[in-house]
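Encoded as structure tokens, the following chain is the form predicted alone, with no partner shown.
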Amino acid sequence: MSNLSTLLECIAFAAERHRNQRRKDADASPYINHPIALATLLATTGGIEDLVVLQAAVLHDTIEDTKTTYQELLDRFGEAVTRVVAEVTDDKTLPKAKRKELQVEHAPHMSREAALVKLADKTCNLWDMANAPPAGWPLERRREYFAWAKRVVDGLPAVSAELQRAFDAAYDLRP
């Protein structure tokens, strides 16, 4: 199977898993736009051609936000992709504040692949937060999100100057 068909298979899988989910913005955008945005940012701005990274970007929220299991990803997409997805997946059994703090604590120890996905995720989230914030989020909550995202990214290993510049530009949009 070619890299393109493999990536398209991931997109189709993620689209199916996220089919009934919406983003929190006022327009309730389709959720699948988010993982596609990550892969696009990685490929275009970051120049990333590593298929594992692009697949993991597309699949990064499937375990956390759908009924997808680690075993499903392992069986379908292999160990390398599943490992990266696992590195960026929050444990939803923990309280939200603990999950957020663990992202900060784990950031310095991430693999290159996971750090790329995490950096793209935080960048896309900041763009969304600045341009189409979650409905009902007051200014202070949005500011707190920007500050927290910066703490996570500041802890990541240096993996891409281009993607770091994209994050910095998104951070500069903070309210």
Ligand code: NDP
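If you're wondering where the values come from, they're calculated on a predicted model, not measured in any experiment. Numbering starts at 1 and follows the sequence shown.
What follows is about the form predicted together with this ligand, which we do not show.
Although the partner is absent here, residue 9 sits far enough away that none of its heavy atoms falls within 4.5 Å of this ligand in the model of the complex. In the model of the complex, none of the heavy atoms of residue 40 sits within 4.5 Å of a heavy atom of this ligand. Within this chain, residue 48 is remote from the site of this ligand in the model of the complex, having no heavy atom within 4.5 Å.
Shown alone here, residue 113 lies farther than 4.5 Å from this ligand in the model of the complex, counting heavy atoms only. In summary, the region of this chain contacting this ligand in the model of the complex, judged by heavy atoms within 4.5 Å and restricted to 105-113, 49-57, 66-74, 132-140, corresponds to 132-140. Residues are counted as partner-facing when one of their heavy atoms sits within 4.5 Å of this ligand in the model of the complex; in 79-112 these are 96, 100, in sequence order.
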